[in-house]
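Below, in structure tokens: the form predicted alone, a single chain.
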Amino acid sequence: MIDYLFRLPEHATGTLQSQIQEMMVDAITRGHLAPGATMPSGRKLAEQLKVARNTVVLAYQQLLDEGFIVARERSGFYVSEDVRAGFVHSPDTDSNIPSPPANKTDWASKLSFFPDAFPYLHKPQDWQRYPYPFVYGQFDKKLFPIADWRDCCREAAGIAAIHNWASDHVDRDSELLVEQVHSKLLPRRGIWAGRDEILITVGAQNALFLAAQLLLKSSDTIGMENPGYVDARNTFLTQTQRIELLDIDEQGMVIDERLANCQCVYTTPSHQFPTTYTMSKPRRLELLEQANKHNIIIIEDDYESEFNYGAEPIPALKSLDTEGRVIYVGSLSKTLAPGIRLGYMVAPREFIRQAKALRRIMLRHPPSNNQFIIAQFLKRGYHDALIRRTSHTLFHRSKIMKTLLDEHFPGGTQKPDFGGSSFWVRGPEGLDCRVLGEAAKQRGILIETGDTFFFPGTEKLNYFRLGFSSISIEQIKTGLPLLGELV
């Protein structure tokens, strides 16, 4: 039996019996004592509350009469299985126990801002039950390397490994993981960085939040792609309301006079979110030139750079940076699984030193056992093999999707140059993607409506995104014609 700790309210009114009743009703109706949970014995509760045992017995009898608890012979009292939201009243009694006290704090006046008001991408948690889930950012469980992952988890469960990762690391990262990022992941993007220029983060989102906290004041302006990554925008809005919207064309982010207004710029050059365009090398060099000219810091989110369909990859923006202006953000959640929540950032050591200190204040460091497991996963070559398998699968899915999209949405898409796992679709003029999304959902088709990707007030409603990281070729072949009919 769980040892619950109960305390009577300090300034309660009424008899001890009624106070005990109200305390227990509050615990039950608020869900602190679940249906079927064992109630503390009368003797134990009386000792805790420092009251006579008979007082507790009488209170329990009233709860029993009201239907809140049930008695089991030679076993004790249990919360009634019939208790759900609200109260259970016996039909033959007029007794009415007072409602639990309401929250009297005016939280609206206490909070400094309201992040739940920010728009974000809604994904049904039960997306796997839909026949045609064209959702982005979800992994294909058939591709996840379960045996390889278990191998690394077994290694982490060894005595020597536990003694290593279970200790207090304060603000230090796994040296082995930092070495794997340094020697395996970054050189593929043309980045040569010192180990003290690398920081492990809880996914890319954590890296963006650290950067926003350190770089932006309320008077600063940050440039962002429009359409763009909505939760990056939300992160920056926690620091400043001054956002300069930067257009997108087939070469990526447009470089023009608006950059001169910015202290920072956020960009997804490898695989623009959500259009999938890849920023050309001349455009990258132009961006760096303007950053040097106007003293701008660039946050490069190297989004989905791992999934390259055989084309010659363009080096990361960070690799072309000669003045230390680019903060590079990478993620392992996209290649492994979104639930892994591990990423990294690369920047000059002066910035990393401050980011590490801020991370320590926020969460100390990402869980060391997870760092150990992923370091082993990288070291043993499992990550390389996974990327090859996943890229091969995504390439074939993208070819079939492109053929079907050209048939059902002629001229509405282009094949992503760099790779990735989604298509950005332009529907016919007059299409409302929000209406389409609801109608598609009723037919078992999940899409991502394009309005959320645009800054409020600039929405284009005939765009939507189709992800294919977690949908089979058979589902694609059936689902896209159905979607075409709905459009």
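Everything numeric in this text was worked out from a predicted model, so none of it was measured. Whichever C-alpha set is largest while still superposing within 1.5 Å between the two forms counts as the rigid core. Start at 1 and count along the sequence shown; that's the residue number.
As for the form predicted in complex with another copy of the chain, it is not shown, yet the points below apply to it.
Student: Decide whether Leu358 counts as a contact residue for another copy of the chain in the model of the complex under a heavy atom distance cut-off of 4.5 Å.
Tutor: Yes, Leu358 is a contact residue.
Student: Is there a heavy atom of Arg380 no more than 4.5 Å from a heavy atom of another copy of the chain in the model of the complex?
Tutor: Yes - in the model of the complex, heavy atoms of Arg380 and another copy of the chain come within 4.5 Å of each other.
Student: In the model of the complex, does Lys104 have a heavy atom within 4.5 Å of another copy of the chain?
Tutor: Flag for Lys104 set to yes.
Student: Does any part of Gln241 reach within 4.5 Å of another copy of the chain in the model of the complex? Heavy atoms only, please.
Tutor: So Gln241 does not count as contacting another copy of the chain.
Student: Could you tell me which of 274 to 282, 152 to 160, 401 to 409, 251 to 259 sits within 4.5 Å of another copy of the chain in the model of the complex, going by non-hydrogen atoms?
Tutor: Selected stretch: 152 to 160.
Student: Tell me, which of Thr335, Asn308, Ser174, Thr393 has a heavy atom within 4.5 angstroms of another copy of the chain in the model of the complex?
Tutor: Contact residue from the list: Asn308.
Student: When another copy of the chain is placed as it is in the model of the complex, are Asp247, Arg434 and Leu483 each within 4.5 Å of it, taking any non-hydrogen atom of the residue?
Tutor: Negative, none of the three is within 4.5 Å.
Student: Can you tell me which bits of 320 to 351 touch another copy of the chain in the model of the complex, meaning any heavy atom within 4.5 Å?
Tutor: Contacting residues: Asp321, Thr322, Glu323, Gly324, Arg325, Ile327, Ala337, Pro338, Gly339, Ile340, Arg341, Pro348, Glu350, Phe351.
Student: Verify the C-alpha shift of Thr449 between this form and the one not shown: is it 2 Å or more after superposing the core?
Tutor: Comparing forms between this form and the one not shown, the Thr449 CA shifts below 2 Å.
Student: Would Tyr78 count as moving between this form and the one not shown, using a Cα shift of 2 angstroms or more after superposing the core as the test?
Tutor: The answer is yes; the displacement is at least 2 Å.
Student: Does Pro428 move its CA by 2 angstroms or more between this form and the one not shown when the core is aligned?
Tutor: The answer is no, as the C-alpha of Pro428 shifts between this form and the one not shown by less than 2 Å after core alignment.
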